[in-house]
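The chain below stands alone and is given in structure tokens; this is the form predicted on its own.
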Amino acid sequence: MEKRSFDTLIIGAGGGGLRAALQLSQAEARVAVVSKVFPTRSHTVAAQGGVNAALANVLPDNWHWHMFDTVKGSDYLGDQDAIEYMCRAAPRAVYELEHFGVPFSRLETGKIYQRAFGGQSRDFGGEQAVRTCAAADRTGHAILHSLYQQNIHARTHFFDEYFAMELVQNQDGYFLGAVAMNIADGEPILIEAKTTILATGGVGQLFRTNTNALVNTGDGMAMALRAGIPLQDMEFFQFHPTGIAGKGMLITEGARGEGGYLLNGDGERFMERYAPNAKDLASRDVVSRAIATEVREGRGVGPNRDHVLLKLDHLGADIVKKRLPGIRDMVMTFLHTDPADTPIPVYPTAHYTMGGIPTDRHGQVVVPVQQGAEEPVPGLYAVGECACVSVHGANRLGGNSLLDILVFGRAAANHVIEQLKEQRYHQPIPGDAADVALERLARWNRQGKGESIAALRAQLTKAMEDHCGVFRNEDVLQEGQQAVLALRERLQDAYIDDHSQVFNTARIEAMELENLVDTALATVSSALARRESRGAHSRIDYPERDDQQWLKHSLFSLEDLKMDYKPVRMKPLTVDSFPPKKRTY
């Protein structure tokens, strides 16, 4: 098997991976980035609305207000030290992007344009803040392309269209790289590294209707699970309130930030009943539940009364074309209507994984030890949506995901740079370290007649949508867990279609399904265990938030489907903490 050696291996070429790679390459580390798609096709490219930073370019603002909104938005499950770190670092992160060449939209003064977004306030819960820095409605696209170009300039080494299969570690639990497969020819390669950073993104493909790219199959999370690392807070899956009804494509929160609003089948602006102050710019979990409730109670729109409308036509064609050009193009392509003239049919759609691989604020993967303490896993880091740092807690605020990948991508790289100073040489890799990956690859060499991968994946995504959606209860979650366990069992006997013309792609789809099944099990098991409603996790049978019993992070391990818990870090770095209180908008 071919073997290559680097200082750092980064798995995933989205914003988190590329921001870490750039920091490391500029520090003259030898960096390899493995990506199963060409880097600028990573899912960061789909982020629309913007990146949060208290620049105060439009209205007065400061990072402390941003921190309050993020803690409140997380339904008090976010770790307040990490949230303070992120919000304080936000302005610098945005100015760095500006210097990397990101073409932000501009105010007439020449400063970076900022728009209103949900869950944001001034003066600790007062009037609406204007905090989200935007490049029209293609902010992620602008950021990802700029970071990729900067990495090319910094001579980062890319393994494009390679699929990472398994992490490699020695007997002491030190992570030493990974085994990947070249998608073009199916050959495995061992990439040896002193440190490994997982930046593989989220797992939106768990649900049949979602906003995510087909590549978002939780590969990094599943690799960590199989390596014995628990996943944290997987029950908290964000449903974005405004996906195109029946299709799932994302309509950015920026559409409401520009002045759009929601209407039910009676022509009523119903958000005034659910969030009298913030209205259509309440937190995402609040708006998603409101839309689902309107439809469930018979006040939906359309022949089947199964969606609501997002109204933008009152803004005028000029604003829609200037501030929301990508949304207009998408709606015209998929619905054949112009949002400048006709309201958009919308319904909540699976969007973002708040949980993931547990890390500290330096991006180090951490695991629990005795007496509730944690210790870092040697040689392993995680950043972005596959990680849980946890700045999003039970619900992420719009505009904080791009901020998360930038701030913690940079923080992880800075920590790795210090580690590399102490570790000048590679540790020996055990002779059998790659065996698990090679067995997995060999298993999917078999073609024949049997259950097909595509059919099993369709059943999994339907099971998750039916049993682990916006509203949940004990019986439905138990059925969901049993359905996922049964699919996991059936996957052992599945075959690749013996008529498959694209064999390597078919093998990757099989391995992606293995990753999806494991992360689905983590998600539904964690949701079944948490008997309260908090943020995006809404239990009909336990409708209230329970801080006495459940102000804690969940940890799911694959071995025996074990659930464990650890405390939320309530103490910030330099300021007073924000204690839990009733969350209203």
Partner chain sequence: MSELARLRWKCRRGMLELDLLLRAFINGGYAQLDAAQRARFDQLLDYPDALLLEWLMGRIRPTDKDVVQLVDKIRAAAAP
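Residue numbers count along the first chain shown, from 1. In this text the structure is predicted, and so the values were computed from the model without any measurement.
What comes next is about the form predicted together with the partner chain, which is not displayed.
Undergrad: By the heavy atom within 4.5 Å rule, which residue out of Asn277, Thr293, Gln423, Thr505 makes contact with the partner chain in the predicted complex?
TA: Contact with the partner chain in the predicted complex is made by Thr505 alone.
Undergrad: To verify the annotation, which of these, Thr211, Ser390, Ser401, Thr195, has a non-hydrogen atom within 4.5 Å of the partner chain in the predicted complex?
TA: Here the answer is residue option Thr211.
Undergrad: Would all three of Ala282, Arg289 and Pro572 be in contact with the partner chain in the predicted complex, where contact means some heavy atom lies within 4.5 Å?
TA: Looking in the predicted complex, the three residues Ala282, Arg289 and Pro572 all stay beyond 4.5 Å of the partner chain (heavy atoms).
Undergrad: Go through 246-254, 72-80, 123-131, 300-308 and give me the stretch that gets within 4.5 Å of the partner chain in the predicted complex, heavy atoms only.
TA: Of the options given, it is 246-254.
Undergrad: With the partner left out here, check for me: in the predicted complex, does some heavy atom of Arg41 sit within 4.5 Å of the partner chain?
TA: Yes, contact at 4.5 Å.
Undergrad: At 4.5 Å between heavy atoms, is Gln48 in contact with the partner chain in the predicted complex?
TA: Looking in the predicted complex, residue contacts with the partner chain include Gln48, since a heavy atom lies within 4.5 Å.
Undergrad: Thr109 near the partner chain in the predicted complex, any heavy atom under 4.5 Å?
TA: It does not: once the partner chain is placed as it appears in the predicted complex, Thr109 has no heavy atom within 4.5 Å of it.
Undergrad: Residue-level contact is defined here as any heavy atom of the residue lying within 4.5 Å of the partner chain in the predicted complex; does Lys36 satisfy this criterion?
TA: Result yes; Lys36 sits at the interface with the partner chain in the predicted complex.
Undergrad: Could you pull out the residues of 102-140 that have any heavy atom within 4.5 Å of the partner chain in the predicted complex?
TA: Counting only heavy atoms within 4.5 Å of the partner chain in the predicted complex, the single contacting residue of 102-140 is Arg138.
Undergrad: If the C-alpha spacing of Val407 and Thr252 moves by 3 Å or more in the predicted complex, is that a move closer or farther apart?
TA: Result: farther.
Undergrad: So the C-alpha spacing of Ala245 and Ile453 changes by 3 Å or more in the predicted complex; is that change toward closer or farther than shown?
TA: It is closer: the C-alpha separation of Ala245 and Ile453 falls by at least 3 Å in the predicted complex.
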